[in-house]
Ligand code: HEM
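Below sits a lone chain in structure tokens, taken as the form predicted on its own.
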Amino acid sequence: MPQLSLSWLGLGPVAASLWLFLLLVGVSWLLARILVWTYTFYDIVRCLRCFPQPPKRNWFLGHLGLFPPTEEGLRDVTQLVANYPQGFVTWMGPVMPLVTLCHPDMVRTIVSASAAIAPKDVVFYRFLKPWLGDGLLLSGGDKWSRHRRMLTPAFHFNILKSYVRIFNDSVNIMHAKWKRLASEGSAHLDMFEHISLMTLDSLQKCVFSFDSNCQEKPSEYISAVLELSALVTKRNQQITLHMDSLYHLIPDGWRFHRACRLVHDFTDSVIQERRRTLPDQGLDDLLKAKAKVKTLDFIDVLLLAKDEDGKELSDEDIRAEADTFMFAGHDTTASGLAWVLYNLARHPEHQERCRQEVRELLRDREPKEIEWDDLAQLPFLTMCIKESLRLHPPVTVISRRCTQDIVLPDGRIIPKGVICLISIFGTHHSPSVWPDPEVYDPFRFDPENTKETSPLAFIPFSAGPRNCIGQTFAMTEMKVVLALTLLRFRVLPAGEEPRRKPELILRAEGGLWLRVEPLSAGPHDPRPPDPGSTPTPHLTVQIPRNKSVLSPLPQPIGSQQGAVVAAEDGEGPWWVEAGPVSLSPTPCLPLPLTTGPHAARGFF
């Protein structure tokens, strides 16, 4: 019987036998791995059969490309949520399932699980790692738990109180720029561009106590942060850029590493400078000095933080957390603010009610600035922000990888190793959770109307152990910025409806453009009535789109003695008068109007 010989390799019988043995072991190990994987995959497929799934493109591609990050893709998600209100499964290729949950009852099981059982899936965030390191966004396990405990004091309300003045200062700079642009005839503004710079300006002051004046002139650091965000988004969307070895060889990779180095150098220099002054000053002297300026910035809090064993954060840890806060804090807040301004531009009656609420609050105050105690005195403005975050959540989906089988309330099982997507957008747009989910209705968040609503029906900041640690910071900034913006400007739609674009955060294709009008003395600016005067009745008249009755300087379409009429043609409110100029409609109960041939409905 012929025997296998390896003599041609120069190996003797003993060596040949050893190599054959090793080859046999290797092949056996590989076959065993394949068998284990096959059995595990079969078990996963069996468990997932109880989840509905939309039709696939084919067996190989699965659902790849069916739900692109576009307006059409979001509409498809909305339809999927209507068809499968509890959740559904999709396949990224032939062997990678994703379980999407979009109902509070299903979401509860995942978000309430410990970070060890349902950690954040790194597949969707790994491109951020060279920039953000092991900050709260990307870390896991014991390191995440330790950092979370140490960072929590940084977001205590006593710390946040001092940031309100910074928010006022930053939005004042943005508004001065808007007024200058409006006076020059450039009143059409991309909200994302302007508000992102404003939030970065605020964050740089809150994190580093550094004023780069980035809203008025270019800043290397701010430009690097914006470039990094854009590069990560681009890489996430192009599968050809996913390989690290290839990405490092192309211009985008060079730009990414250059921007990373610039951001890291800036953060490191601030940390080192604080490290040098801390021993000289001592803790008590530092706190006294900070008390004088009434601001303890994020770097200060991180330098002073200690865990249960008295250990401090390393410089690398502090840099990771500071960079994470800069990244996660500016984009999400800018998205929330841009979309709430858009929603209020489309609903002038809600915008005006917010404005009157702010005016009443600041009536006898100069300068007109928001203070910490004012934030609780703006209930309707808060309702408008929340409804906008429901309709346009800055982060549309979050991912978790199940490290063990997770049993849902209805008995279905998400198998170990499967990635679970919590669709924030889907939950917020589910007709089984929210009646008329596509309608912007701030009164959903009236305290009387939320008593029967699940707390997990509204999760713009996620929920559970890994919820957003900075949500109070974000809400505080949004309230301050929105209140002062509506006090000083009327915000109007500009052009066509924006097309939503879910990237790392929810943006709009080509920017989110709105028109702003400064509310100073002028023919189109509201002025509060003189004390003691009889209030003028106000009517809002909506013109059907097919009625071409408006022009840039519209004529009154119907009036009553002493009434002010506001007309809207579907693209924006056109304010016309039948008496002294006053554009402060007070919405209340709808009633039919007969004051003009085109009147459709109105509000007193």
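Note that this is a predicted model, so its numbers are computed, not measured. The first residue of the sequence shown is number 1, and the count goes up from there.
Absent from the display: the form predicted in complex with the named molecule. The rest refers to it.
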Q.
Please identify, from 342-350, 435-443, 222-230, 143-151, the stretch that has a heavy atom within 4.5 Å of the named molecule in the predicted bound form.
A. 143-151
Q.
Using a 4.5 Å heavy atom cut-off, which residue among I195, M478, C354, L512 comes into contact with the named molecule in the predicted bound form?
A. M478
Q | the named molecule: the contacting residue among G87, G426, P394, P97 in the predicted bound form [heavy atom, 4.5 Å] | A | P394
Q. For F256, is any heavy atom within 4.5 Å of the named molecule in the predicted bound form, or not?
A. no
Q: Mark Y125 yes when one of its heavy atoms lies within 4.5 Å of a heavy atom of the named molecule in the predicted bound form, and no otherwise.
A: yes
Q. Might R466 be said to contact the named molecule in the predicted bound form, defining contact as any heavy atom within 4.5 Å?
A. yes
Q) Is there a heavy atom of R319 lying 4.5 Å or less from a heavy atom of the named molecule in the predicted bound form? A) no
Q) Heavy atom within 4.5 Å of the named molecule in the predicted bound form: which residues of 133-157 qualify? A) L136, L137, W144, R148, F155
